[in-house]
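For reference, the chain that follows is the form predicted alone, supplied as structure tokens.
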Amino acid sequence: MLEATGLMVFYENMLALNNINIKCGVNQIIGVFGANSAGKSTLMYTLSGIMQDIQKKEAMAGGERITLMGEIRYMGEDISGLKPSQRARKGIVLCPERRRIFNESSVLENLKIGGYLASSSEARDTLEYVFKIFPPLEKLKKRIGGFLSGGEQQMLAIGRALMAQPKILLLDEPLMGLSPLMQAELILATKGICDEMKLSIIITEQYARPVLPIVDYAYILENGSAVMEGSKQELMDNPDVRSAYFGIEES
């Protein structure tokens, strides 16, 4: 469904992504794990096309020179040159890290803004589904986004992304700063979204432990390079991965 090959991103003389190859099939959940500055957000920005926008803005402002290389294919089509809006219309939708909701708009307004690509019937059905999978949002639909808790804001950010009718949902560190209980609720919801909406998900996180149970396949990034990949069982069986990403020391 989505396949990236040879992705490379340079910030001036710094290599942010180094020859990354990643695949996501139909109705799959793909995990991408790595420490801070491993390249996770750069990868998501590159897949969604936002990195292309950042590159152009930096060039126009005479700022940092950004170089992009590699190929991204979606449904067999090379989309490497498409703008973020064009990719979104094809169904590649990013839910960025740190929520980035519209703090001065209500929950309902945030969700309606997310549905700008949807038909009226799609928006109505998806809104109903968002309230089903995230019940607190229905009770808080008139509340201003900036007054929500971190967990409620993350529910809203994912709900807003769903309103855009994704076929591939890119979730960039959705568990950041949340309690273990809220993390568990969001992971359960993520699995439900994949199964019920029949879409594919690529999810990045610093720690693999909460996410690994729901992924079909995973990649581990270090310093912009994919140093390991495999099924969840293959990664769990690796003692280095268990120590670095699960906090499990071998006895």
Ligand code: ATP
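Because the structure is a prediction, the values reported are computed rather than measured. Just count from 1 along the sequence shown to find any residue number.
The same protein also has a form predicted together with the named molecule, omitted here; what follows describes it.
The closest heavy atom approach of E97 to the named molecule in the predicted complex falls within 4.5 Å. The closest heavy atom approach of T67 to the named molecule in the predicted complex falls outside 4.5 Å. Residue contact with the named molecule in the predicted complex: E152 places no heavy atom within 4.5 Å of it. For I20, no non-hydrogen atom is located within 4.5 Å of the named molecule in the predicted complex, even though that partner is not displayed. Of the candidates T42, S200, Q55, T190, T42 is the one whose heavy atoms come within 4.5 Å of the named molecule in the predicted complex; the others do not. When the named molecule is considered in the predicted complex, only one residue from L47, I29, A38, L212 comes within 4.5 Å through any heavy atom, namely A38.
Three-residue candidate spot F102, M182 and E185; no residue lies within 4.5 angstroms of the named molecule in the predicted complex by any non-hydrogen atom.
Residues from 1-36 that approach the named molecule in the predicted complex with a non-hydrogen atom closer than or equal to 4.5 Å are Y11, M14, A16, A35, N36, in the order they occur in the chain.
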